[in-house]
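In the block that follows, a single chain appears as structure tokens, in the form predicted on its own.
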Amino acid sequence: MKRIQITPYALLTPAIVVLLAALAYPVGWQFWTSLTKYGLKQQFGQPPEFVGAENYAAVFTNPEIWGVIGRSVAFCLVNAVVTVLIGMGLALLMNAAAKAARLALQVAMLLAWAMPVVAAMTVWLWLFNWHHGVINWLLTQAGVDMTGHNWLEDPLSFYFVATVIVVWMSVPFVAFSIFAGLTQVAPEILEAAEVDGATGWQRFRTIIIPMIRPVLMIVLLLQVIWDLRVFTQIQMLQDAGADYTSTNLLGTFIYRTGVGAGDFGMAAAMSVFVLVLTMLLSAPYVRSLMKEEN
């Protein structure tokens, strides 16, 4: 009979208790509110009306909500993959660059990563401004007439701008994480493979990728979670003149439903749905990480 080790569980217990205590009230309140009719009257003291699964039924039968869900999942997956690919490229560049060049690149990425979201969005909105934006001016100078082009008017170009901003803000974390993993790849292994005739691509595919796979899976998982919940960037782009009905993602839709329309019960139901959706999207990565550890 296998003996159970008590010490690891005893060491984990305090952290688990603190985590549950911090999450219990907000998650519990959110779930309870999702089962009620909670509007502006309840904000002024009237008791909420219990409606059971009525809000969830409205979520699953509303075509507009499913459109928002589809856009959010597509935006999340595209941004996560693009961020990891660019982060991987920058990590490889840092790993191969000389010390001075690597330091300059790291400082530049740290500045981009440390910049507050609102400050960064102010700069990006100025760059893509359709009256006097730098992007339109540069493209016009390059021969593509973009004079007066409104990037936020069309949903496709809106999401392109949003992708550029979100990826730009996320790449430094991914690049630093993957670079840390690359430093653990022993140079002797790569040199031995090179002596055996392996090309650079073969060494990357058969040695580097398998050795840093756990890091790649973790950063990809985190990006999926973060990009599914993106809010500030989309909200500020919408406030700059975009049509929110065709550009809403889950974060902005929940905000407009709750704070904007005063339907906090429906907003809470959508929040619970996002929690479940995040767990479903994360499940394959979590299983893969557990297999790697085993």
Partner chain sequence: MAAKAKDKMRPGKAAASAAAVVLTLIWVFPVYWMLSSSLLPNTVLTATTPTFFPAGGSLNNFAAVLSSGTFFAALGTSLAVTLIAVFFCLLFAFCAALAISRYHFKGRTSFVLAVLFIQMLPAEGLFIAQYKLLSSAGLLNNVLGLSVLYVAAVIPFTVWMLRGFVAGVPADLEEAAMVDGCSRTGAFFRITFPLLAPGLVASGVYAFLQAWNEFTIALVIMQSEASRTLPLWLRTFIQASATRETDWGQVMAASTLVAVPVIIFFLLVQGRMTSGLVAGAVKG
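What we label the rigid core is the largest C-alpha set whose atoms superpose within 1.5 Å from one form to the other. Because the structure is predicted, anything quoted here is derived from the model rather than measured. Residue numbers count along the first chain shown, from 1.
Below: the form predicted in complex with the partner chain, not depicted.
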Given that the partner chain is left out here, which of I189, V118, V195, L85 has a heavy atom within 4.5 Å of it in the model of the complex? V118
Contact with the partner chain in the model of the complex, heavy atom within 4.5 Å, among S177, S157, T140, T163 goes to S177
Should the three residues A53, A57 and N248 be counted as contacting the partner chain in the model of the complex, with contact defined as a heavy atom within 4.5 Å for each? no
Looking in the model of the complex, any heavy atom of W29 within 4.5 Å of the partner chain? yes
Looking in the model of the complex, any heavy atom of L222 within 4.5 Å of the partner chain? yes
Would A97 sit within 4.5 Å of the partner chain in the model of the complex, counting heavy atoms only? yes
Does the partner chain come within 4.5 Å of any heavy atom of G241 in the model of the complex? yes
Pull the contact list for 199-233: residues with a heavy atom within 4.5 Å of the partner chain in the model of the complex, in sequence order. P214, V215, I218, V219, L222, I225, W226, R229, F231, T232
Checking G67 here: with the core superposed, does its CA move 2 Å or more between the shown form and the other one? no
Once the core is superposed between the shown form and the other one, does F253 show a C-alpha displacement of at least 2 Å? no
Please state whether I225 has a C-alpha shift of 2 Å or more between the shown form and the other one, with the rigid core used for the fit. no
Distance direction in the model of the complex for the C-alpha atoms of G258 and A22, relative to the displayed form (3 angstroms or more): closer
Cα-Cα shift for L12 and V174, closer or farther in the model of the complex, minimum 3 Å: farther
